[in-house]
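First, one chain by itself in structure tokens, the form predicted on its own.
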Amino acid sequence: MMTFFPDTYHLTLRHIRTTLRIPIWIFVTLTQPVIWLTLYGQLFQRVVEIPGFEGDSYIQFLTPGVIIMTAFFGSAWAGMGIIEDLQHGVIDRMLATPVNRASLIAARVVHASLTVAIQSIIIIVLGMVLGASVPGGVPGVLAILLLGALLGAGFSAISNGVALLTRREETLIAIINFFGLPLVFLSTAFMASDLMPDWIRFLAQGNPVNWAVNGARDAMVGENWATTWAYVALLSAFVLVAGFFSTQAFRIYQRSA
């Protein structure tokens, strides 16, 4: 346990350097949220006129949803990195060293969370340029970053666990594509809860993406802090469950390697 934190730190630096060597990847991951904010924000701006819709600005409503959507999809693809390391024998070589085993997964989760936080700041700034505001101030921004990071950590852990179990890019891609958009649309990322069909509203209650969206929206407005922290607690529990899954997946890989 004494080596966990230093090993996680050094491995996280390795993943950060890898990301910085391919800056185009950062640009690509931000392209989609820019399109969502600019295109969808303008296309559906009159949605706010529908009776029962929350607020009077769709950009204000959409920005937290886009932040969380970016966090979700960015972390869901985290397993691709571990598959690449598996294919090149990097994981097996690390297992031959004294490195803390838990750090091999924890570092990837930390890296995903840091990436999500940086992307979230950029999207918040873009949303403000397009007309959104953050009445919640600095505490609201920090809460949004925390919610996004927790969601990113959870789905990064799941993605890495699935990657360790399947060890194939095609399988991971298929799983992400199968669950990705449904989880986003089973949330209030793009539509107010009161305007959803009852069955979607019911399923959304158990969706971590929806927890993060609702928490981020409350934090952005700066109201209902008790609800925001309740969502933080739910996402923290989600991270623990996801971490347990990835840990078990890593143990299964070790036994089969």
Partner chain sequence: MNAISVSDLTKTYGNGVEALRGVSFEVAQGEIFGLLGPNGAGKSTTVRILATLTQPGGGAAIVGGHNVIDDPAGVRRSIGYVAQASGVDRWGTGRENLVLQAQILRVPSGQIGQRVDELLAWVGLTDAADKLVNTYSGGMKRRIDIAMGIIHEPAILFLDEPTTGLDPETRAALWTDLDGLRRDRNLTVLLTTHYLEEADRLCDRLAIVDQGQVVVEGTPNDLKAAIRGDTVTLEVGESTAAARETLRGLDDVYEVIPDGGSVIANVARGAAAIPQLVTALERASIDVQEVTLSRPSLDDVYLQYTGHRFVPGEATGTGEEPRR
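The shown structure was predicted, so the numbers you read here are calculated from the model rather than taken from an experiment. Numbering follows the first chain given and starts at 1.
We do not show the form predicted together with its partner chain, though everything after this point is about it.
> Quick check on Leu95: any heavy atom within 4.5 Å of its partner chain in the predicted complex?
Yes, Leu95 sits close enough to its partner chain in the predicted complex that at least one of its heavy atoms falls within 4.5 Å.
> Mark Ala242 yes when one of its heavy atoms lies within 4.5 Å of a heavy atom of its partner chain in the predicted complex, and no otherwise.
Residue-level check for Ala242: no, no contact with its partner chain.
> Give a yes/no on whether Thr18 approaches its partner chain to within 4.5 Å in the predicted complex, heavy atoms considered.
Output for Thr18 is yes: heavy atoms within 4.5 Å of its partner chain.
> Within a 4.5 Å heavy atom cut-off, is Ile122 in contact with its partner chain in the predicted complex?
Ile122: no contact with its partner chain in the predicted complex.
> What stretch, of 125 to 133, 146 to 154, 178 to 186, 98 to 106, brings heavy atoms to within 4.5 Å of its partner chain in the predicted complex?
Stretch with heavy atoms near the partner: 98 to 106.
> Just one of Val90, Leu114, Met80, Leu165 has a heavy atom within 4.5 angstroms of its partner chain in the predicted complex, so which one?
Residue within 4.5 Å of the partner: Val90.
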